[in-house]
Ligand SMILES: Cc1ncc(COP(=O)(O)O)c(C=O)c1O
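The form predicted on its own is given below as one chain in structure tokens.
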């Protein structure tokens, strides 16, 4: 049985061409694309080149199908989900919406956040309170301690990009719901690797870009909002597809649709959504729970081997509930991290340098040989 399981993962690995480049451990930056997803995009471009608008109805059927499969994967209804460019765009949308909805001006978020989660709130005039982490762990009580009547929302990544800490979203969301404070989640480092408990955590809004663990290539994100949240805000943007009867093409005061997709404010990048659809279908077929277990198994192996090699583990790795596929570490003997990463790449080992540390991020299509390749080059770095 164990041999059959190994064959299953080996077969999947062969279908991700990025693995042919060597030990690719940069999945928290950009994930590999499955050959089937690549082919679906190629097929769409071919059809568009040959037929233009002749098959237009098929494009919109594809959008509907993509919305359905992505919504199902997230455990939400289609009306909750939209396709948008990226998380920076979505955080700006939310900042504008909340700015107009109430006089509350405080945003609370962990200080470890990726800038996409932070900068839009500064830009739109909110008071941004950044909660410190403790050896990579973010304590929910530290967040709740600074919540007060002027808090417009708590913003957090589901998985922190630097440390790989996976936030207990259900516990945080339920505590915030009791206080009447919206929870906004950047799910980019969790989408495709672990379940995002949108409903159970009472998440108000979620943004997740598709080019990392979701393995759908660059240029598209999923944007999800709850019906309860939408009822309390007015959307800040409008385009010809935002209105209730867009194909009437009327130039009159717009009646904006209630769905999150009203913020798909124009013609969509169909090829990118083809990739999202294909990636969601693949994850559903493989099984998200199975993917999560494989990622945790490999990341535990990676952590153990790094410790044996004398690396300082920066990631908080004390619980399977908060671990992820990201293992961040330091190497005392390395002075120039960026230069060392370049040298590793010459040996076909690919990791990231982030804020003075090294980040290895391992997906389900990686294997123990990738870990061996990394450890060999850390233990005996090439000068």
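Residue numbers count along the first chain shown, from 1. If you're wondering where the values come from, they're calculated on a predicted model, not measured in any experiment.
One more form of this protein, predicted in complex with the named molecule, exists but is not displayed; see below.
- Contact annotation: of the candidates 294, 163, 260, 157, the single residue with a non-hydrogen atom within 4.5 angstroms of the named molecule in the predicted complex is 157.
- A heavy atom within 4.5 Å of the named molecule in the predicted complex is found for one listed residue only; from 116, 242, 78, 272, this is 116.
- Partner proximity in the predicted complex, defined as non-hydrogen atoms within 4.5 angstroms of the named molecule, places exactly one of 272-280, 176-184, 286-294, 204-212 at the interface: 204-212.
- Although the partner is absent here, residue 226 is not a contact residue: none of its heavy atoms lies within 4.5 angstroms of the named molecule in the predicted complex.
- Among heavy atoms of residue 86, some come within 4.5 Å of the named molecule in the predicted complex.
- The named molecule is not drawn, but in the predicted complex it has no heavy atom within 4.5 Å of residue 299.
- In the predicted complex, the named molecule lies within 4.5 angstroms of at least one heavy atom of each of the following residues of 175-201: 186, 188, 189, in sequence order.
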